[in-house]
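In structure tokens, the next block holds one chain alone, the form predicted alone.
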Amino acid sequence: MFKDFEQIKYEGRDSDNPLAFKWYNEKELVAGKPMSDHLRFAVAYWHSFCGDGSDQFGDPTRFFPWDNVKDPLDKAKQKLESAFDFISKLGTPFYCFHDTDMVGNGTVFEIEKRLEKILPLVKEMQDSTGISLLWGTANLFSDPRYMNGAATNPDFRVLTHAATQLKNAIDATIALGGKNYVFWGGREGYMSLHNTDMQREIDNLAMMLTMARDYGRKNGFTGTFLIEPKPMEPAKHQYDYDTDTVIGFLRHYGLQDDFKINIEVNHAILAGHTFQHELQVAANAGLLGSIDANKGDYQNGWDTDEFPTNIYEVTEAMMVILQSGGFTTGGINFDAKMRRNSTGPEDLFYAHISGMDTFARALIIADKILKQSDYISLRNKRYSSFDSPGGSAFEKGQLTLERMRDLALEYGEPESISGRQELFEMLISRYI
């Protein structure tokens, strides 16, 4: 599918070649590390090699060479060869997949058999190209059996099928050396509370995650389990609503030592937050694991999954990521799809090149802001009163309400101190 394309190379800021990087130079050092170590880009198998442009209002607009191949395994092989050809030419070190992206849908046992046959070929592809698996997952939301959820389904028989598919996807992730395993609760929620036992469903979700954690650890998975928050769509309300909700859930059920958060830009928007907010919440809890990079349309109230081009938004994100220490097992997965009217194979290159350049440019800008500007010192100055004897004693839990009253009397009415929000925003714009 991509045989007519050459290796994508870095040509610098002045290049007008749409099939070249302007900002992403994988070996360029930023904050003491190569760009590739900071950004750890991954291609999403599902959107890139399964997305046909169809939506709820229209039929497919993109067609793949393997579309008319009848044998599921032959189809999987052709798709695999094209996928690794694309990823190799793009130069990303990682990819991500759902089980059904790789081998198609069917019963859980048909999926199991196909995975067993295709995994050796995937391993060969990884070994020959040097491309690694950032994370694997199971599609526990598309098949009609999961219309009422997978781990939260009211029918226990459905849970046994979900567990089977989950087990096989974890096995595949282990076999392929995956750095993480992701859970996205696409239908782990409800459409109406009238027919929903919420507490039982959430308890059952925690039980399934605990079983998955125990199985993975028992069978040699040393990576990170990730939960990806999303507030709704396709369910009216999903239990992994946002990062704060997931953190509370993990701590309540004692899963915080094995699980971290995979944060998606568009999901943050749907939850009424900014991407920066969700990243900061996860970082504050020490649970920032990985991200799905895309962009939402602020005029639409659904998950549009556009490729990221908003340099201001991504710069804010990279500032949080850099201050939190960067990625360890996680990375930046392009969970993004081309627009319905983008139908050529070259469009897939344009989309990823643009997204990678956006993150690379944001990384450079964020590093300069944090190192060269007054951003950190200005922010710290706002809280300098907590470094005084009184403020320090308060944060250490050494004061009582009575003593606080005495201090209020001593200090007198507080003066008005500007938050200087516009100065911070000006500073970021200046470096951009």
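Note that residue numbering begins at 1 and tracks the sequence as displayed. Being a predicted model, the structure only gives us computed values, none of them experimental.
What follows is about the form predicted in complex with D-xylulose, which we do not show.
Not one of Phe94, Glu124 and Lys179 is positioned with any heavy atom within 4.5 Å of D-xylulose in the predicted bound form.
Residue contact with D-xylulose in the predicted bound form: Asp143 places no heavy atom within 4.5 Å of it.
D-xylulose in the predicted bound form is not approached by Phe275, whose heavy atoms all lie more than 4.5 angstroms from it. Of the heavy atoms in Lys79, none are within 4.5 Å of D-xylulose in the predicted bound form. At the 4.5 Å threshold, heavy atoms of Asp335 reach D-xylulose in the predicted bound form.
For the candidate set Glu112, Asp292, Glu306, Glu313, a heavy atom within 4.5 Å of D-xylulose in the predicted bound form is found for exactly one residue, namely Asp292. Heavy atoms within 4.5 Å of D-xylulose in the predicted bound form are found in one stretch of 243 to 251, 217 to 225, 113 to 121, 135 to 143, which is 135 to 143. For the stretch 165 to 186, the set of residues having any non-hydrogen atom within 4.5 angstroms of D-xylulose in the predicted bound form comprises only Trp184.
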